[in-house]
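Only one chain comes next, encoded as structure tokens, the form predicted on its own.
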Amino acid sequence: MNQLVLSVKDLAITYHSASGPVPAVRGVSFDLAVGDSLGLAGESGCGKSTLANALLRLLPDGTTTSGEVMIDGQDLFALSPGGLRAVRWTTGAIVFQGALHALNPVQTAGRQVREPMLIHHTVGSEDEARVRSRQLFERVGLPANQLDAYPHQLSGGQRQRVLIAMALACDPQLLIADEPTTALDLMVQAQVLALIAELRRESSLSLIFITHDLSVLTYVADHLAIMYAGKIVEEGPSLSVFQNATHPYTRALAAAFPTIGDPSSRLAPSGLAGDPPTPGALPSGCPFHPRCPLAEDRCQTAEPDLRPAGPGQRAACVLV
């Protein structure tokens, strides 16, 4: 078996508001080996980004967590502040969704790429950091003269590539990409996806890729995990989950994509009525049953666990 870079066991994350506790993630478990990739999908509010931030302990103060996150054999929640700083960038790094907001507007792109190398002493001097940053820019498809550009002087795709260069600056084992292509046009999105896939092949990089788009995940991820109301409701090999979904929610997500060139598909797209439940006010039983076209009476009383649903595939549905 390949060595595990990340192991998550029964992770639960609860925010606290004036109206009471808000369970954003509820008992999520998965493993990620060296060179493997996992795609997380689901509607807004299902807990994807909260889960991503928890994997590097980037949650706001006052958040309650339980369960276990082991990263490169270390208990993430037991690390001291110094130990946590040593893990970020070097063992695990994250690419956020909004590059313009994630980058410092008063520092050049090159300075921001050099900063993690100098902090973690992965280079011996500022000159070495400059050489390494030029290499990283070349690796992500940016010209060296953009090193002296400020974020507002770069296009959306260029800023996203700067974030990827920053994430790779200290040669991490794990890259977490939290919807990195959402704000990009289709052509630039395709370029960024191809870049991430190429980087993963070149460096045996372990990847967690988060998006709403299942078709994107089948391109960049070996395995998929579909989240709803803070839990994984279906998981398995990416093509199998996309093409042979067994959970009604996964089927609805897969059917929501229009067929290019088919007017009937464009004018009458499949979809799912209603909205996901509010994390602080989940319905009893299966959280999906109020929207599920196949719901039965028993779905209102008991929340199913993941159960076998095909080769390497599991789904949390009583009909599986």
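Each residue number is its position in the shown sequence, starting from 1. Note that the structure is a prediction, hence the values are computed from the model and not measured.
One more form of this protein, predicted in complex with a small molecule, exists but is not displayed; see below.
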Next item on the list: Name the single residue among Thr108, Asn244, Gln189, Gln97 that comes within 4.5 Å of the small molecule in the predicted bound form, judging by heavy atoms.
Entry: Gln97
Next item on the list: May I ask you to choose, among Asp36, Asp31, Glu43, Glu68, the residue with a heavy atom within 4.5 Å of the small molecule in the predicted bound form?
Entry: Glu43
Item checked: Triplet Tyr15, Ala24 and Gly47 all within 4.5 Å of the small molecule in the predicted bound form via a heavy atom -> yes
Notebook entry, point to check: Given that the partner is absent here, does Gly274 sit within 4.5 Å of the small molecule in the predicted bound form, heavy atoms only?
Noted result: no
Notebook entry, point to check: Is there any non-hydrogen atom of Pro279 lying within 4.5 Å of the small molecule in the predicted bound form?
Noted result: yes
